[in-house]
Ligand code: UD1
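Just one chain is shown here, as structure tokens, and it is the form predicted alone.
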Amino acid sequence: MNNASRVENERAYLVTGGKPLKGEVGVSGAKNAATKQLVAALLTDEKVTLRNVPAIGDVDATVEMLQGLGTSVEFSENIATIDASNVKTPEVAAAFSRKNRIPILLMGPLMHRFGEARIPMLGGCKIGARPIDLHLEGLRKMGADIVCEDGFYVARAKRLKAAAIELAFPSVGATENLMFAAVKAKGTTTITNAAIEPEIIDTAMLLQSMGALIHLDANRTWVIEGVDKLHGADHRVLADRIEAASFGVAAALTRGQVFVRGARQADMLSFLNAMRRVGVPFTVESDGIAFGSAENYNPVIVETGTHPGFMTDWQQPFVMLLTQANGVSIVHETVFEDRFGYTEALVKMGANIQLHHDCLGSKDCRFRHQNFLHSCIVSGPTTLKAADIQIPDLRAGFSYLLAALMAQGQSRVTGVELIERGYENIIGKLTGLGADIKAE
């Protein structure tokens, strides 16, 4: 297909800005839990039922990948029933490496079944290198022999064995990968300096429901005693705290009032603190959080970090909020080295954003002196004007929608498949709040 045809046929959203968002919106199940829990179902031959699974692109891709292995997956009305009793192959098709980073998490489950796993080298969002060295180092400590062959990671082990693993960084993906490997390994595995995000705790709860012996100990340490067999379970996926925060920022930016049903305060403490410092009013209720707006917002300094810190996936919508604060704000990204690329389009729309190589937060991070543009200075308030913008990655996608919703005029937003990977029924939810947005 030539470039002219590609552009002509590219899906887009047309967004007319200037309308406050008002009303109620429900939060879907967490993408970062549901996709991983679909993989966890491979650890048993009995049926696993997952409820509150979002109907999004990343879930569809994960379901398709599992079906390609021979797994039966029924998915309807946000309920997925997975039967992995007839998995036929230890090899994940190469095509799935370009859809998301979920394939790497199949190493443990497939080695438990076949003594071998063949996983294609990975793609995913363009937000930095995101190496998998921590995954491979941990699995090797558990007895896996891992080599690269013809574009695949090939991992082999007759039976994985327990190990004491200390992660150099509390990586979410590495923690999940090692948990899946450890639940059926021989002996007791400890994963120290591990990730402890709410989505990981939710996945640990599913594993325990399936018969795993797993608990979170002091000092970010998961302790997992391997068992010979896991069984089926029925589990409800927790609400998506990224989506909840995104709608909270949307209310503040559009000078609206939105009740986010299903938002959980316990999962969003650092985000809510940051919103309060900026001056965004909110009220915590028993079944959600109501976000309002103010005439003026305060500049702040924010550093992303692993849980319980300020989540890196909250950074993009929060930068949009800071474009409307009265003064100079700083955002220091410490999780991914290249996550501010999306700001170039915002500058073209009128935002005053500068990127820097230095650690501009209160502390140095692991990207110091590595020539990454991982600190951001935002000066505001600024008026944004409509533009044609291309979404570069999933989380930046919602920020671009926010920019378009507050800009003067009509914006055309392309690359919408990326945002649909992580946000369920995004047009329906936004139009339900009064947004002027439609698919082209």
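Numbering starts at 1 and follows the sequence shown. All values reported here derive from a predicted model rather than from experimental measurement.
Keep in mind that the form predicted together with this ligand is not shown, yet the notes after this line are about it.
For the candidate spot formed by 114, 145 and 184, no residue has a non-hydrogen atom within 4.5 angstroms of this ligand in the model of the complex. Residue contact with this ligand in the model of the complex: residue 173 places a heavy atom within 4.5 Å of it. Within 4.5 Å of any heavy atom of this ligand in the model of the complex lies no heavy atom of residue 202. Interface membership of residue 374, defined by any non-hydrogen atom within 4.5 Å of this ligand in the model of the complex, is ruled out. Among heavy atoms of residue 37, none comes within 4.5 Å of this ligand in the model of the complex. Scanning 84, 302, 335, 160 against this ligand in the model of the complex with a 4.5 Å heavy atom cut-off leaves one residue, 335. Though this ligand is absent from this view, in the model of the complex it lies within 4.5 Å of a heavy atom of just one residue from 215, 231, 357, 366, which is 366. Across the options 43-51, 65-73, 24-32, 374-382, residues that bring heavy atoms within 4.5 Å of this ligand in the model of the complex belong to 24-32. Contacts of stretch 132-163 with this ligand in the model of the complex, defined by any heavy atom lying within 4.5 Å, are made by 132, 133, 134, 135, listed in sequence order.
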